[in-house]
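There is one chain below, alone, in structure tokens, taken in the form predicted alone.
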Amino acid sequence: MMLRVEDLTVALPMRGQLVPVLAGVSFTLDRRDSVGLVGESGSGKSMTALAIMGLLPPGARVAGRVMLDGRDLLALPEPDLCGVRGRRIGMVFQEPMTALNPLMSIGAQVAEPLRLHLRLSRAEADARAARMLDRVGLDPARISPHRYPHQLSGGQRQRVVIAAALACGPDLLVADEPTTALDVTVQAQVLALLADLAAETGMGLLLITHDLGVVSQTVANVLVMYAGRVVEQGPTDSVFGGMAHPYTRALFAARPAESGARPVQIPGQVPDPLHRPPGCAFAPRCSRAEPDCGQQAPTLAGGGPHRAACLHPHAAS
């Protein structure tokens, strides 16, 4: 197994104390495999990605293991992690305008990891960067590698970020909300591009999004996260077909409907990490909550790969 995340826990300093923001996250991802992380903002999706990449904020405390081909990334010193980022693991950040350097041309930004990790000459790196930009749909004959990020559209900038992340042929791509700021047509193009590149190169794909439609079209396995924990996980078809956890069902009900019907809003909001309720964190918002839900924190349970952390799960549909 290429990537194995085991009992990943993260605590951040808040108001003079260390507060858990991620607890017990575990999953695996192999080459040519794809996993999606879904949930509302504040559920822990991006924090999971940052922990895997070793990009947590100062003062963070992390526990558990993140094994990449048997090597624990959490135990690596920063110089060794720098050799992993960009080379073994590429990351597509959710806002390309902040991920790209406004003072560097797009070609130079794609060429930079090639020179750093693969030790290519400037000419070799520039030539390969031009080919990579062409591969992601930015034909150098139309869009010069000498252009700067502000001269491109949002979709074009996102393609540059993808090209830079994939330049060195990583084994794993982490895509954090890669289509959030894009219109529907460009979203579909970017998602198709990611799927094609993953199939072509054999890399693993970890996709982070709040869009359930994107996940259903793109990844084989899904983790539904809430308040820093995985509340349901398994093959995408099984999870979305069964929806054992009330939160998963609530997310589906809150989606904009193609028929124009009004989405069903989930009452309340994701709890502040400083004031998470005892027992099940979703209980205060759950229409199926029973008295024991506020007293006992559920753990993932269920037969086979599809599991849910709920004391009173829905029956399989």
Partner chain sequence: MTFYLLRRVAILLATLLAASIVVFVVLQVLPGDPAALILGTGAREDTLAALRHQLGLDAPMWLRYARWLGGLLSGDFGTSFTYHVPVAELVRQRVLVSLPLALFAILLSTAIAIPVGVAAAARRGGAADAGLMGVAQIGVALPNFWLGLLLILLFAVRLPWLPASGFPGWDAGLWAGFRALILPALALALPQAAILARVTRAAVIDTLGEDFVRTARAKGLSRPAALWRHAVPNALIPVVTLIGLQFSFLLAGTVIIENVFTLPGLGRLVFQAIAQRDLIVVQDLVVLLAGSVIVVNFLVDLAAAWIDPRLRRAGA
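Here the structure is a predicted model, which means the values were calculated and not measured. Numbering follows the first chain given and starts at 1.
Although it is not shown, the form predicted together with its partner chain is what the next lines describe.
Using a 4.5 angstroms limit between non-hydrogen atoms, Cys286 is distant from its partner chain in the predicted bound form. Contact annotation: Glu78 falls within 4.5 Å of its partner chain in the predicted bound form, judged by heavy atom distances. Heavy atoms of Asp72 never reach within 4.5 Å of its partner chain in the predicted bound form, leaving it off the interface.
Its partner chain in the predicted bound form comes within 4.5 Å of a heavy atom belonging to His150.
Every residue in the set Cys82, Ile89 and Ala164 has a non-hydrogen atom no more than 4.5 Å from its partner chain in the predicted bound form.
Listed stretches are 94 to 102, 195 to 203, 122 to 130, 136 to 144; the contact stretch with its partner chain in the predicted bound form is 94 to 102, by a heavy atom cutoff of 4.5 Å. With the partner omitted from this view, the residue of Ala60, Ala63, Met67, Leu55 that lies near its partner chain in the predicted bound form is Leu55 [heavy atom within 4.5 Å]. Residues of 113 to 139 lying near its partner chain in the predicted bound form, listed in sequence order, are Pro113, Leu116, His117, the criterion being any heavy atom within 4.5 Å.
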